[in-house]
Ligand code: CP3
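Next up is one chain by itself, shown in structure tokens, the form predicted on its own.
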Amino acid sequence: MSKIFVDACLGKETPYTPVWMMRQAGRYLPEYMAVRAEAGNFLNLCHDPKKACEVTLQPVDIVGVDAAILFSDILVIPDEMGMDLEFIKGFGPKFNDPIKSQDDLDRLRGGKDASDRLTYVYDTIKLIRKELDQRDDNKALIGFCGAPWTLATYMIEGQGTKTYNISKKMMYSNPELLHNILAKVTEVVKYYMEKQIESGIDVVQIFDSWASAIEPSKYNEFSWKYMVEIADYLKSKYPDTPIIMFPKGVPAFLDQVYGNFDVFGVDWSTPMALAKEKLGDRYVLQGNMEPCRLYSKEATTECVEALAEIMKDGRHIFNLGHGILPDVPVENAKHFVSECHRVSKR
């Protein structure tokens, strides 16, 4: 059966504009918090295919989104490359052995050696695929990865950062090492996403969460070209699998966007009309409601109607311009989904 979300990603006519939300399987759902408590901690949940499958499907059942997105974390890649990862309550992810030199990079696994270790992710996908197929309810499954630049910043900084000064110091003072890190991560990501597709995902999304940390003139060199390399690799093997690119916070880069992918995710700081003008003839556009509008049903409806008007003669997928926040009322998330369906029924 042709899935509405997959058709929309490929620019085909659909009976309505589909919708999903980044971070839709998460802390705003009491049902998610219950499963996470059972798991003990975040990494345990990522490593447990049965529980990860359950939380992946929760927003489909509860909120009514048109696609499930695999529950996992972008940092499972450097973790399985051999870095020492822990998630600290109230702090977030931390690598206890950040990369400072070529020797540090050389000790890490690469390519299929690392990607083959992510069996729990592939097992999760197979379970979700089985559940979705049994339901026969036209819901798609999105797989994902972090872009090499976003992954590299964590691997170099050792944790989240607001300044990226260690990574950017390397960018300007030792670009060769940074490119070596990016190239090694890219190879792992290629095989990782290939295995996700083989395990049963319908659509790939590549998140570059920290794209805005790079000045526009350097963005292609240190991030975008690696994302395009991943997309090219996947398209050469799976030409019918849609690919979504989501670089957060790069409105100044729109004129430079290129590559063999299907959907461009527009973040909330980029006007949708501008993205449509620059990219709408080449790519389906996804997004881009400001996530905090979900605190108000009125503000949500206002934005959904405005987006529908802007994109009425364009190819579009409704989404937020970044992830849903933990204290958003579930009723408001349901309202967002129903409003997207209401305004776009054809």
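Counting begins at 1, following the sequence as shown. Only a predicted model underlies this, so the values are computations on that prediction, with no experimental measurement involved.
Omitted from view is the form predicted together with the named molecule, to which the following refers.
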TL;DR on 70-78, 168-176, 185-193, 98-106: the one with heavy atoms within 4.5 Å of the named molecule in the predicted bound form is 70-78
Decide yes or no: are 16, 139 and 264 jointly within 4.5 Å of the named molecule in the predicted bound form, with each residue judged by its heavy atoms?
no
Residue within 4.5 Å of the named molecule in the predicted bound form by heavy atom, from 93, 216, 251, 110, is 93
From 51, 278, 297, 27: within 4.5 Å of the named molecule in the predicted bound form by heavy atoms is 27
Problem set entry | the named molecule contact in the predicted bound form: residue 154, any heavy atom under 4.5 Å | yes
How about residue 23: is it within 4.5 Å of the named molecule in the predicted bound form, going by heavy atoms? yes
Can residue 36 be called a contact residue for the named molecule in the predicted bound form at 4.5 Å between heavy atoms?
yes
Does the 4.5 Å heavy atom contact test between residue 164 and the named molecule in the predicted bound form come out positive? no
Across 187-221, the residues having a non-hydrogen atom within 4.5 Å of the named molecule in the predicted bound form turn out to be 207, 209, 210
